[in-house]
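One chain comes next, on its own, written as structure tokens: the form predicted on its own.
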Amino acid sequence: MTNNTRHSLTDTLWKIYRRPNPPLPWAKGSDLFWNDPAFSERILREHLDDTHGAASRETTERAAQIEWLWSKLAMQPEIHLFDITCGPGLYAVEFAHRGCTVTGIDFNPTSIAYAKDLVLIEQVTAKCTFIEQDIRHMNYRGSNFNAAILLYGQLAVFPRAQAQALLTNISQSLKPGGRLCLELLNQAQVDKEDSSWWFTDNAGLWGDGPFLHLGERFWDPDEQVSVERYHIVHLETGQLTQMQMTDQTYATETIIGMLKQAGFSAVTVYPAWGGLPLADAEEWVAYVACK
């Protein structure tokens, strides 16, 4: 170990020691690291790894969801679908193969680049448009989409006021009678115990070389918010990367109220995805809202 690495490691350990407890939700631009170029490359690898569902669900589960969405959103060939937080386009391409026109939006530059390449390979270029953008800044009001999807709990990474504004924006992007499928964690299933963990790896989601991952989870019972904080010690340099993720959880009646406030007239609730064969189905609730 060089002297520089030793000094960096000492500084890193003091930074971890002096960390504020508990962390503040959405503090210091947290939850915004998804568009970091290096991290976005690593998260794309997780999206495309079909041995787990940590970033995108496995192929068989995704196929079951697509069939379910086709029915519940009253989809048919030639309709226009809005895929919000579309990732690498894995859902969009399948809907395009069924004849839909899809507009996908995502914050991750590497995922958007992959999605654009994927539609060339799958020969559905004319059916798909992908846009790299933070969904908080999107404006598709009056676009007259027939249907929209916002899956895998992505609404929960935003504070309530921003989440409400997003739902309103989505509602205004749909034509009358348009439908949204929103997937959120089942609040009753969320881990509400404070905890910590650690592990090491040679490379992975949290680094491209050997690292030590120190994780912490905090639960705020008043705000019903879960905050996870990660301290990544890069062992070859002693440098520290700190990341934080905040998840706002919602009671079912709260989300129904927010959807109606956003302009949806009817909401149907499907705990555990209505019985779909997903490994983690019990952790989720799917909402289908009709404008």
Ligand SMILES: C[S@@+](CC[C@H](N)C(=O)[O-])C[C@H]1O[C@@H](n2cnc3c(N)ncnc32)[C@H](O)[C@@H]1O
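Residue positions are given as counts along the sequence shown, with the first one as 1. On a predicted model such as this, the values are computed, not experimentally measured, just so you know.
The next section is about a form of this same protein that is not shown, the form predicted in complex with the ligand.
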item	value
Selected contact from Gln172, Gln187, Thr129, Gln133, since only one has a non-hydrogen atom within 4.5 angstroms of the ligand in the predicted complex	Gln133
Contact assignment for the ligand in the predicted complex, among Thr168, Gln154, Ser143, Thr125, heavy atom within 4.5 Å	Gln154
In the predicted complex, segment of 113 to 121, 203 to 211, 189 to 197, 83 to 91 with a heavy atom within 4.5 Å of the ligand	83 to 91
In the predicted complex, Trp70 touching the ligand (heavy atom, 4.5 Å)	no
Tyr230 within 4.5 Å of the ligand in the predicted complex, heavy atoms	no
Interface membership of Phe218, the ligand in the predicted complex, 4.5 Å heavy atom rule	no
Contact test in the predicted complex: His234 vs the ligand, heavy atoms, 4.5 Å	no
Any residue of 97 to 128 that, in the predicted complex, places a heavy atom within 4.5 Å of the ligand	Asp106, Phe107, Asn108
